[in-house]
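Given next, in structure tokens, is a single chain: the form predicted alone.
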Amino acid sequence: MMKEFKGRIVAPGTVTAPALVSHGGLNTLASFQKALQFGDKKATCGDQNNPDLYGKEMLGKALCLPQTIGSTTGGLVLYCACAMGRQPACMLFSNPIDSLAAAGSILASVWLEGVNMPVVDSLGDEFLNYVKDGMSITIKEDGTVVVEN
């Protein structure tokens, strides 16, 4: 079964990856700290306050979430994760993206050669309620997100 959702392109690109779903906000710094400071190449989520993601590998996953939360370092954390090759395959927001996460992902797409982390926001609550861990997610060039189980 397949379902399509239309969002707004924040950082362009196409990708297909398995879904990793968070129903709470992603604390960017807490989630990526192990990957950036302690050499965790699989980007294992370190945010103990996020039961959906804690202890799960974020590298190469289609990270599905409502929004990011936490520190004003959020944009820099996303940029650094991309620069170190420890980013999710893509980020898909049910809500409009915040300015910090937008800045980090846009700067990574513009400044970093060969980095592809498409970001689409405003996909809606129906998207976040529908998608489950492990479903196949494909982002098309026009920002359409295809979810298959």
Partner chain sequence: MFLTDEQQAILNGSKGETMAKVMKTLVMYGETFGADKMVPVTSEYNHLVTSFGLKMMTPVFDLMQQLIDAGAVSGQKFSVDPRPLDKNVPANFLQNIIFNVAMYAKQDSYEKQLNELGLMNEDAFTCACYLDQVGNKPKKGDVLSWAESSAVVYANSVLGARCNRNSGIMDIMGSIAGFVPHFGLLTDEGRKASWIIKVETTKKPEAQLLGSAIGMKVMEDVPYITGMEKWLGTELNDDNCAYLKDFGAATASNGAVGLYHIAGLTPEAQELGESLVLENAQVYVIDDAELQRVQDNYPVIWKNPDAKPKLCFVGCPHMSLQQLINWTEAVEEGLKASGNKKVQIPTVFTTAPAVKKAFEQTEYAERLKATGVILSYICPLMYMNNPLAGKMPVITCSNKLRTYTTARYYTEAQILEKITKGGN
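Positions refer to the first chain, counted from 1. Please read these numbers as outputs of a predicted model, since none were measured by experiment.
Below: the form predicted together with its partner chain, not depicted.
The three marked residues, Q67, T72 and S109, each reach its partner chain in the model of the complex, with a heavy atom inside 4.5 Å. Though the partner is left out of this view, N27 does reach within 4.5 Å of its partner chain in the model of the complex, counting heavy atoms only. Using a 4.5 Å cutoff between non-hydrogen atoms, V115 does not count as a contact of its partner chain in the model of the complex. Contact check for R8: a heavy atom falls within 4.5 Å of its partner chain in the model of the complex.
D98 belongs to the set of residues with a heavy atom inside 4.5 Å of its partner chain in the model of the complex. A heavy atom within 4.5 Å of its partner chain in the model of the complex is found for exactly one of L123, A102, A43, A89: A102. Taking a 4.5 Å heavy atom cutoff to its partner chain in the model of the complex, none of the residues in 119-144 make contact.
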